[in-house]
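Before any questions on how it binds or moves, here is one chain, the form predicted on its own, in structure tokens.
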Amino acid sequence: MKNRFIAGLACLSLAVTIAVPWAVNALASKQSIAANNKQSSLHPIASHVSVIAHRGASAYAPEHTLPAYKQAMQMKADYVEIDLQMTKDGHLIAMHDETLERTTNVEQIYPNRAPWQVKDFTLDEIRQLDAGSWFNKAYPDLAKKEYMGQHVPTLEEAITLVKQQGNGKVSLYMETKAPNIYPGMEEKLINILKRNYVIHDQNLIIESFSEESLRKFKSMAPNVKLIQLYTASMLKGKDVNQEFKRISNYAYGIGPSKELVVPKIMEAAHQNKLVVHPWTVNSQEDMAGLLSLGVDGEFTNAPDKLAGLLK
């Protein structure tokens, strides 16, 4: 599979240089580095380039709802990404923000409880919220009646859906969001993964910006793959080769913002045997440019675009 992919990638790289002018310099720079290194980082080190549905197929359905996860699987995503927050009574829910107002009608239902932080609401209270109608208002061309009244899923509901409808071809990619404000989050996550018989899934991935959270997870579940997320500020002033060598004792890979993915980053990551999964990549031009640099997967709101490009 890997050889076929690399052969296809060579053709894709040529197409990128024709269709995307800015990719020429990046590709030339990459080839120059590869010429002085026995391992060409133009090639992914993973055997399969992963399509990671960012918050589900969130370009087409309200993020972190069951319809968004269903569409991601229908669009041939390899992974459904689930951001995790924790309720006041200790339940893990699928939610990107630490607050509820952006993606629910919490301001209407609980007007006197600003700033509407997830940690201040019980699961039963959050179940009263509409997590889909905002999408219909924001994107009328994509609006569907079924999105109205969608609830905020628990982690267990999301796992059940992926297991039932993923046909064994779709895996889970979960982020511990703001673990510093949710004591015990990692233990709860591990218990849920065990209870739902996915802790031993060789494709399961846990991601976080928090190194402390990932190291804690590593100590409790050493065989689970961990991705260290990065923003530009987290790498500012650092020797990336030394940084990636340092994290390689707990991490399976890195998740940098897409703007950070340049030949130097790719070279350092792959030399330290770390896969690279950039976020969040939504245009096929950007997808193709990153593939030409040898990334091992991409987070995208539009999994159908990346799956189509790879196909």
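All residue numbers refer to positions in the sequence shown, first residue = 1. Owing to the predicted nature of the structure, the values given are computational and were not obtained by experimental measurement.
Only in words, not in the display: the form predicted together with SN-glycerol-3-phosphate (G3P), which the text now covers.
*Asks:* Which residue among His96, Lys225, Arg113, His151 has a heavy atom within 4.5 angstroms of SN-glycerol-3-phosphate (G3P) in the model of the complex?
*Replies:* It is His96 that has a heavy atom within 4.5 Å of the partner.
*Asks:* Going by heavy atoms within 4.5 Å, which of 246-254, 281-289, 261-269, 47-55 lines up against SN-glycerol-3-phosphate (G3P) in the model of the complex?
*Replies:* Every other range fails; the passing one is 47-55.
*Asks:* Check Glu186 for me: does it contact SN-glycerol-3-phosphate (G3P) in the model of the complex (non-hydrogen atoms, 4.5 angstroms)?
*Replies:* It does not: once SN-glycerol-3-phosphate (G3P) is placed as it appears in the model of the complex, Glu186 has no heavy atom within 4.5 Å of it.
*Asks:* Check Phe209 for me: does it contact SN-glycerol-3-phosphate (G3P) in the model of the complex (non-hydrogen atoms, 4.5 angstroms)?
*Replies:* Judged by the heavy-atom cut-off of 4.5 Å, Phe209 is in contact with SN-glycerol-3-phosphate (G3P) in the model of the complex.
*Asks:* Please check if Asp83 has a heavy atom lying within 4.5 Å of any heavy atom of SN-glycerol-3-phosphate (G3P) in the model of the complex.
*Replies:* Yes, Asp83 is a contact residue.
*Asks:* Given that SN-glycerol-3-phosphate (G3P) is not shown alongside this chain, does Leu229 nevertheless sit within 4.5 Å of it in the model of the complex, heavy atom to heavy atom?
*Replies:* Heavy-atom contact with SN-glycerol-3-phosphate (G3P) at 4.5 Å: present for Leu229.
*Asks:* From first to last in sequence, which residues of 163-182 have any non-hydrogen atom within 4.5 angstroms of SN-glycerol-3-phosphate (G3P) in the model of the complex?
*Replies:* The stretch 163-182, when checked against SN-glycerol-3-phosphate (G3P) in the model of the complex, contributes Glu175, Lys177 at the 4.5 Å heavy-atom cut-off.
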